[in-house]
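Below you will find one chain, with nothing else, as structure tokens; this is the form predicted alone, and questions on how it binds or moves follow later.
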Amino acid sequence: MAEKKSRKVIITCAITGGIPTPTMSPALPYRSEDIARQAVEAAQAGAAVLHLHARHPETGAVSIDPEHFMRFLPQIKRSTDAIVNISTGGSVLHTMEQRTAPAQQASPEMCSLNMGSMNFSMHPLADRYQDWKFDWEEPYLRNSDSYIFRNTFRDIAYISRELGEGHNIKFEHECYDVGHLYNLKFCMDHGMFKPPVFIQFIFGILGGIGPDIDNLVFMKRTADRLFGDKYLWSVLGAGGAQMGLATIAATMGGNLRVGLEDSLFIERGKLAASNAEQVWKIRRLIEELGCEVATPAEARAMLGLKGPDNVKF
């Protein structure tokens, strides 16, 4: 009898992002050289996809300046064959043109795309700290209780047209609640996105669905009903839910995402030393479950990407 092949699991690593601030962890990268170094190390540890935001290299503030992205993207490409996935997020003050400017310039293989508007808040984090490394951090966090993260159907159509059709970019469709799955189905029915789509189930962000196993099962069951065999899925558990939900996702046949954007910890009460440390940990866990980590080439084939020779960095 032929030996059954191990299932391939795509690990995405979110290197730095819009929630954590420099005060929260000395490991959080915000200088260009540190973002590049940690991204390469995460890829070496087994991350096939690198989800990337930019930071202002002097203050650590979240940046959507294409110049800040271009300070680290070429170095990452020279040093690894991992898939680069650029955020199309931003702030409530940014236009869609501003939010997509880095991807318009770099033309990566993938971009993130939030599939609905939502309250998106991290204001409770501000109560955990007294001394701040930079003056912008505390008001940035506290003011988030007034945020509506806008992703209207018109916004989604704009990104589909400008980045999907214009640059042959495929998306990490970020779904923070079950309604976002129905939004994606509507968009697919109207020709915006072609299968296979890659869905990131996101749990534990204030304003989105909670990090409960029942919610993961429900999101997966709903996606199966809506998309059948026309999608791949991954799980992001924020904060303390990161490793547990990622491991459960692997047992359910899914892919997974880790990284300091989503959690600053490697275990309860202990800060992670790097993004790579989180990748190594989840890699060990899923390999002990009998799965194999997908290489970038395998992930490209699974996701139907345009390939690294067709980016502009």
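All residue numbers refer to positions in the sequence shown, first residue = 1. Only a predicted model underlies this, so the values are computations on that prediction, with no experimental measurement involved.
Absent from the display: the form predicted together with a small molecule. The rest refers to it.
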Taking the small molecule in the predicted complex, would 53, 89 and 112 all count as contacting it (heavy atom within 4.5 Å)? yes
Among the candidate residues 205, 216, 223, 187, which is the single one with a non-hydrogen atom no more than 4.5 Å from the small molecule in the predicted complex? 205
To test your reading of this chain, name the stretch in 60-68, 257-265, 278-286, 243-251 whose heavy atoms come within 4.5 Å of the small molecule in the predicted complex. 257-265
Would residue 303 count as a contact of the small molecule in the predicted complex, using a 4.5 angstroms cut-off between non-hydrogen atoms? no
Considering only heavy atoms, tell me if residue 236 and the small molecule come within 4.5 Å of each other in the predicted complex. yes
Close approach of residue 120 to the small molecule in the predicted complex, 4.5 Å, heavy atom: yes
Contact flag, residue 176 vs the small molecule in the predicted complex, heavy atom cut 4.5 Å: yes
